[in-house]
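Following this are structure 1 and structure 2, which are two forms of one protein chain, each written alone as C-alpha cells.
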Structure 1
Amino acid sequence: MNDKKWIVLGLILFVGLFSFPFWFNVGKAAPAPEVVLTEQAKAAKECVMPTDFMKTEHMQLLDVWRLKVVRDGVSQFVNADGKEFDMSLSNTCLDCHSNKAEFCDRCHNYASVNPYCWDCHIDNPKGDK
C-alpha cells in the first residue's frame, strides 16, 4: 500500500541510527591512548600497586585512602612489597604522575570519566605547567 514508503523510510532511519558508531568513526584509528610516565615515575619503575591492579582499581584505592585518612586518621600505606606511601592524592599520585594532562586526563578522556576530585584537590602540586 502507500504506507510502504513510510515503513521503508522508518527502517532506513532505524538502521542509520543503529549503525551510528560505524559511520561516526569512519577514517579514525583511535588507538588506546599512550600514557606518558614522568622521569620520576620511570625511576621508581613501579606504581603503588602492581600495574594491572592500578589500571582497573586505582579509583577504589583512592577511595580507601580517603576513608583511611579522613575517617581513621591513618596516613601511611604499606604495599605488598613493604614500601611505604603517604596516602595523599595530590602529594603522592601527582608526585610521580605530575604530568596529569598526559597521564590521568589522557586516559580519562578516552574512557569519558571526569573525576570531580580536582574541584578541591590541587592538580599540579609542583606548580609546573
Structure 2
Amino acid sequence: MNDKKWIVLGLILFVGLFSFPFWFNVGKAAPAPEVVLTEQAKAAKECVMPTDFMKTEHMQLLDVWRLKVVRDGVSQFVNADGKEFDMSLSNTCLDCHSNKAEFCDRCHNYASVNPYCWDCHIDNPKGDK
C-alpha cells in the first residue's frame, strides 16, 4: 500500500500522455476547401443529384454507376426529377467539373483520400482547361 502515490502518479502520467494528441489539436482543424465550379457547371445550376448528396455520396453513386455499366450494360441514369444522364465519369461528370485540380483534388487532398478513378479515366477527356 506504500506504492499508492506512485500508482496514481503513473495513471495520471499515462492518461496525460495518451490524451495529448487530442487536447493539443483542439481547435486547429483546417476549414474545408471551397469548391471552384467551372462556368459550365454554374450555368447548368444542377448536378445529377442534389448538391448535399453529391458532396457526401458521390463515390457511392460512381461505384453503383460502374457496376451497372460494366456488369449490367445499363448506361443511362434517371435522377429523382426524371432527368436522364449518361453513367460516365469522363463525359457526364467531367463535362461540368473539368478542372480536376480545383474541383476534385482540393477536397480529396483535404480528406486524405486517394480515389482510384484516375487509374482508368483520363482527367480531362475533351482537353478543356
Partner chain sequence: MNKFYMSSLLAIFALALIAWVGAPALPWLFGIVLPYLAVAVFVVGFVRRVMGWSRSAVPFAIPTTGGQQRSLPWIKQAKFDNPSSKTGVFVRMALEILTFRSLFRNTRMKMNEGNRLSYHLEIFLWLGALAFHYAFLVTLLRHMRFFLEPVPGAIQMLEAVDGFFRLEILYDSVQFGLPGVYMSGLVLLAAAAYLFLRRLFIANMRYISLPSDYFPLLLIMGIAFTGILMRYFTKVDIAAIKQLAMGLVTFQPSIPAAISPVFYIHLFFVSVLLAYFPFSKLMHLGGIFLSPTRNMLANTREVRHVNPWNYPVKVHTYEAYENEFREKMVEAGLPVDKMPESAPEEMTEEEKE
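If you superpose the two forms and keep the largest set of C-alpha atoms that fall within 1.5 Å, you have the rigid core. Computed from a prediction, not measured in an experiment: that's the story for all the values here. For numbering, take structure 1's sequence and count from 1.
- Here the chain coming from the form predicted alone is structure 2, while structure 1 comes from the other form.
- Residue 109: CA moves less than 2 Å between the two structures after rigid-core fitting.
- After superposing on the rigid core, the C-alpha of residue 18 is displaced by 6.0 Å between the two structures.
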